[in-house]
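Form predicted on its own, single chain, as structure tokens, below.
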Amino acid sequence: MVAAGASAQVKPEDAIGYRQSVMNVVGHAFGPMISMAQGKIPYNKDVVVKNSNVLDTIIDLPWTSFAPGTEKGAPTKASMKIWSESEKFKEHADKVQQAAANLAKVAKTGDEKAVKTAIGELGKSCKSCHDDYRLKEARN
């Protein structure tokens, strides 16, 4: 997360919009891989490699936009616990980033079983953070 001084340059509504945009791209890249891991669509190594590289590249982007002062300013599903439990939230973010890096590494091997396991691990990391820090309904 960014120091308060760095976040003062960004309007809260812009930070909220930015992190929502990044998370939207994350969902679009991860969604097909989840469907492959669940057997809902055929496994496609090329898509997995491409999408896992996208995730590995962008997964570190949203975390700095959860800086102090960005907890309100636009509709958001971010729980206020993010700011009151910032160290625990950072631990979740670190786990997600590690799981995304691992998926990108494993995807290159072409080992479908290992890739599906890595997809599952990333999914668990994302879900754990969402369970603790994402509200079901947007708040202002």
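Not measured: the values here are computed from a predicted model. Note that residue numbering begins at 1 and tracks the sequence as displayed.
The same protein has a further form, the form predicted together with a small molecule, not shown here; the description that follows concerns it.
Interface residue among Lys105, Lys81, Lys50, Lys77 relative to the small molecule in the model of the complex, by the heavy atom within 4.5 Å criterion: Lys77. Proximity to the small molecule in the model of the complex, defined as a heavy atom within 4.5 Å, holds among Pro68, Gly110, Gly27, Gly73 only for Gly27. Not displayed here, the small molecule is kept clear of Lys116 by more than 4.5 Å at the level of heavy atoms in the model of the complex. Using a 4.5 Å cutoff between non-hydrogen atoms, Ala37 does not count as a contact of the small molecule in the model of the complex. In the model of the complex, the small molecule sits beyond 4.5 Å of every heavy atom of Val54. Although the partner is absent from this view, Lys11 stays clear of the small molecule in the model of the complex, with no non-hydrogen atom inside 4.5 angstroms.
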